[in-house]
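Next up: just one chain, as structure tokens, the form predicted alone.
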């Protein structure tokens, strides 16, 4: 190993400055929703800090912004006991039940003051975050624990660290201002914003996977993912609502607790209020339910808590819930209406999705006149007929859906069965249904419906990031024949854009600048934009790193494709089918001619460990699991999650678990980190 350079004072000072600046921008962006700089400027600061820390590893601190995404947990998630039970809440479903709870609180409180704090009940996953003292007198995030059974949860620290609204460190001066000790615990809700949920389901559809049911389940599944980089990509958020010191709630009361959490740098829901009566409670609840459809996250009710800590202690708890808090649950967001017709939408991949056309019904603060029916199999399972009365739900789902067909004295069944079309409703081309799949698809590359959806996807932020190319503009470009493929965006002129409705010279020039800037996006983004089936963000990045250019990817065989991590036979077949189509090759050539960058920095790999498969277990002395994996793969080796007869070596660290036992059972060689490092640095034998 080479000698490390000793950092001079300027490197140390600059690293400290960058960490402070990055933390400030993280708080502005992820907590206050008030960014001051662009994503590119933020990335530039982060990359500068990464370079300094790479040159001087001793400057890396556990709470550095560069350390949010770490390695996988050693062997799944260990169990951790809570400092104080994380109790559930009793529920109220009516104003009468709420009034009964409030009267009981006053009765138990006696002469003590009784006021209540109202908060939105966010539909996510409850977690506890522990902070410990630093040498400088501040606090550092050390442990994140799921609620579990209320007594014991799972240690998901590595995943919680990736949530940008969770501060990794809190300065000593903030603690002093609040007279708060440097060791404490924060409890709150990890949620998946609806925008992130929609993006997740779009990626799952691209990969041929079933969509996630709702944001809450998606958030819970994400936090239990063993790959922190995946968690970071899904952009969870955290809202704090409890502060514990030495295992007890902060004695200043609930309203002061929320203010203190905000002062410490946590995201706290702004929709909260101090109330003193049932009338004031119901006013807040009504307003919250009315705003429900406009919120960027899911809520399923309102939580009401007695404000005074002294009064909370007087009221106490039952075996399962505190007497001083209750959750008022909104009525189910569902409605009954009649199915008038079924239309079919065509997505950018050619997938045909049936849509229920309904008599308008008011559900959860909005009027619903359309709902998804998923696919032909779903319609058949429901036995759905035109004219049926149906129950429609919004629930935790972003898109309304039909969940039940009603048949009783009030709701007579319809008579006409729906027949799925054999041709595309947009272009009249034949539709196909591949063996083993539930979806019908239009295979016409020039289908106008596919073009509109393709343009919107291509321009979206996570792909080519062309701001200003929204639905109204895309619709006009397609309808007027100004753009016939994504490549056509790069030949648009100012004169063509100003001919569109509501488009002046300034907006036309701005859009042309965005289109020009998108040419630099790189191979991974272009691959996502091309709409290859099953190729989402992660797969596109891996392909770009492996092949480095569109030409190399186009020439790849199935065997070469399947050497790429996470690419199996189904994905490789989809890629081969895409590049076998002359129309797709012509599209790629048009993008090249327009100057679109279709290259990437190729990940340098050697054949040093070719043919060897490694399984990592336990905690290694100096390498994280992710670092060890990266180095093995860069040397041509493979890593696997489980031990089998095909495993070449098991690399074991401290607290190695069941994989070590399996290796011994199968007589697979077990080595340590020192042996692995020696193998990685050894010169390959001459063939």
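Since we're looking at a predicted model, the values are computed, not measured. Residue numbers count along the first chain shown, from 1.
Below: the form predicted in complex with a small molecule, not depicted.
Checking 533, 82, 121, 457 for any heavy atom within 4.5 Å of the small molecule in the model of the complex turns up a single hit: 121. In terms of contact with the small molecule in the model of the complex, the residue from 265, 171, 322, 253 that brings a heavy atom within 4.5 Å is 322. Just one listed stretch, out of 380 to 388, 587 to 595, 112 to 120, 272 to 280, contacts the small molecule in the model of the complex at the 4.5 Å heavy atom level, and that stretch is 112 to 120. In the model of the complex, none of the heavy atoms of residue 232 sits within 4.5 Å of a heavy atom of the small molecule. Contact check for residue 189: a non-hydrogen atom falls within 4.5 Å of the small molecule in the model of the complex.
The small molecule is not shown here, but in the model of the complex it comes within 4.5 Å of a heavy atom of residue 87.
Of the heavy atoms in residue 478, none are within 4.5 Å of the small molecule in the model of the complex.
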